[in-house]
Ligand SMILES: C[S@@+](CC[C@H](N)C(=O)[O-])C[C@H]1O[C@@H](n2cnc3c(N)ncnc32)[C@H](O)[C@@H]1O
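Okay, here we've got a single chain as structure tokens, the form predicted on its own, with questions on binding and movement later.
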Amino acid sequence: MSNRAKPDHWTIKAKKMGYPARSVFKLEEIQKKWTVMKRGGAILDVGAAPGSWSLYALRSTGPKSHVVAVDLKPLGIKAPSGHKLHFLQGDVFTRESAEFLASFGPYDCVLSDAAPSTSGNRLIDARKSYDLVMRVLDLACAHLGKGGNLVVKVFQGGDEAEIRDRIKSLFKEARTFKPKAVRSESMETYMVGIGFLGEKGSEVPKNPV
């Protein structure tokens, strides 16, 4: 069994707390550092399955907030009693999905722990991550309210500097952060945008299919 396949401290802790995946602690550390999600806010979770980030968002922002989650795969969670969770299983980048997202927006926070399918080639995987993140940023431009926040996963080893520059152009602050729960051998890191400037808030996501 590989080290990645073995349940580690974070995985065991997540299961005890009712979360389907260890990734919850990445978002928890980011939330504690920057409070990207506000109580009573509207949150969009892109690439939400199996649902740890959506469940944490619901638990940490209170019943007056609502979470909209989208993924190609089904969620493995249920919303706590009295909390609002809207889930769309499908491609988040279609025009139909854009209409669904718009019906619950604008959002106070856009989250994305989404990752592309990997090949094992770091350069290829970093480029695929770059393409995915840029499309998520298009979604943020279309659906974030002014002053909103962003958290997005990025694979290091490619054009992440260009991603950071774009986030800097869209937000008052841009931060790059590697949470403690990220595996030491992983190429993933997270970029945080704080205070959406709103100039592009009325755009439609690019290249809808």
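Worth saying up front: this structure is predicted, and the values here are computed from it rather than measured. Just count from 1 along the sequence shown to find any residue number.
The same protein also exists as the form predicted together with the ligand; that form is not shown, yet it is the one meant from here on.
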* Asked: Based on heavy atom distances of at most 4.5 Å to the ligand in the model of the complex, which listed stretch, 32 to 40, 143 to 151, 48 to 56, 176 to 184, is the contact stretch?
  -> 48 to 56
* To do: Could you check which residue among 126, 134, 115, 98 gets a heavy atom within 4.5 Å of the ligand in the model of the complex?
  => 115
* Asked: Is residue 82 close enough to the ligand in the model of the complex to count, meaning some heavy atom within 4.5 Å?
  -> no
* Asked: Taking 4.5 angstroms as the cut-off for heavy atoms, does residue 102 touch the ligand in the model of the complex?
  -> no
* So in the model of the complex, does residue 139 come within 4.5 Å of the ligand, heavy atom to heavy atom? -> no
* Asked: Is residue 108 one of the residues lying within 4.5 Å of the ligand in the model of the complex, judged by heavy atom distances?
  -> no
* Asked: Counting only heavy atoms, which residues in 78 to 95 are within 4.5 Å of the ligand in the model of the complex?
  -> 90, 91, 92, 93
